[in-house]
Ligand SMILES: Cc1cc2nc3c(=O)[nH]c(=O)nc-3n(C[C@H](O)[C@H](O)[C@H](O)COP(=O)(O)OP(=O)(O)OC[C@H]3O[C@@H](n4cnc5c(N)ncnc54)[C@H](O)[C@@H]3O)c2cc1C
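Read the single chain below, which is given as structure tokens and is the form predicted on its own.
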Amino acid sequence: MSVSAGLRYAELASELHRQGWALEAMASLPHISAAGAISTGTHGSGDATGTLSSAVRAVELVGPDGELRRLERGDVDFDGSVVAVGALGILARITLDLVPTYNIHQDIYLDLRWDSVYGNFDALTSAAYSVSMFTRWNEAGVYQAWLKAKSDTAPSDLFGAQPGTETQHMLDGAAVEGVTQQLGVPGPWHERLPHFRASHNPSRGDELQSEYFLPRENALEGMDAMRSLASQMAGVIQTSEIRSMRSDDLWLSGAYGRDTVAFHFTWVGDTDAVYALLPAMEELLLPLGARPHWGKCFVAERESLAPLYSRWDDFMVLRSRIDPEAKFANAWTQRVFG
């Protein structure tokens, strides 16, 4: 299916389902546009599930000369042009891979201890079609695990964590009316895979976010690193989410070339406090191969970012060829790409 890149996933998914089709994945927020999500490598969750960008079969971009350029999967420049953060042109239209529509049920498990997470990590991330583990990196461990499954049943316990008996929000004191249906009630994929209902404001609204994509083999070491910063995060962090995804072939994707575990951070809306914390986090995470989410808060610059992407230089060549006068450059691209 080919759609306008400005379409929100909420509207896209609803129409796909009406026609009997579905996407493999959804982000936690259905409020986001296809263009923004795809250009930044945004994702859902699941060991066998790719990023939203990996479902793209073709893109149509308005280049610096005003001409429309179409690239299809398999074309020479395609893998460098999907996750491109707007640096190659204005994403106007996308064509997506589809699958037949399906149902999902969502169950929440409470109070998963750190020793259970470390000892059963692979089994945890593969325990359902989509798995999200919420923590604040303190000794409470994973206080909620959200399992979204296609199967008819849910486990009676999750490595010691017990199923919730009432609807949960991952943020303390937030209104549960804003989250998607839980308690094992099956429903259409687009009403279960996101965490938040399209009809409500997502999360709390007044917040900042960061996210880092680690090679799966370094996930446990990354967890150790974040736990060592728990006391520094206290008062700034609202929640953090651990999710997994399969590798893809898109040059600037956080999952390029490797199965990936992402650490997502939802911060309070205090810009100074968040940016004061990020250098210490990146000092620990980037040496483990962590790539920052392009659409969220990070402080790394070109010198630190380039070694994390094996096709970085190829993207720079592509960018210079497509936009030799740097018409799509700005202060952000200057910091990140030079």
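A quick note: this is a predicted structure, and the numbers were derived from the prediction, not measured. All residue numbers are counted from 1 along the displayed sequence.
The form predicted in complex with the named molecule exists for this protein as well; it is not shown, and the discussion that follows is about that form.
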Could you tell me which of 161-169, 204-212, 184-192, 113-121 sits within 4.5 Å of the named molecule in the model of the complex, going by non-hydrogen atoms? 204-212
Could you work out which of Ala27, Leu284, Cys297, Ala58 is the residue within 4.5 angstroms of the named molecule in the model of the complex, going by heavy atoms? Ala27
Assert contact residue (the named molecule, in the model of the complex, non-hydrogen atom within 4.5 Å, options Leu91, Leu147, Ile104, Leu250) equals Leu91
Every residue in Ser33, Ser39 and Gly86 with a non-hydrogen atom within 4.5 Å of the named molecule in the model of the complex? yes
Do His293 and the named molecule come within 4.5 Å of each other in the model of the complex, heavy atoms counted? yes
Just to make sure I understand: among 235-272, which residues lie within 4.5 Å of the named molecule in the model of the complex, judging by heavy atoms? Arg243
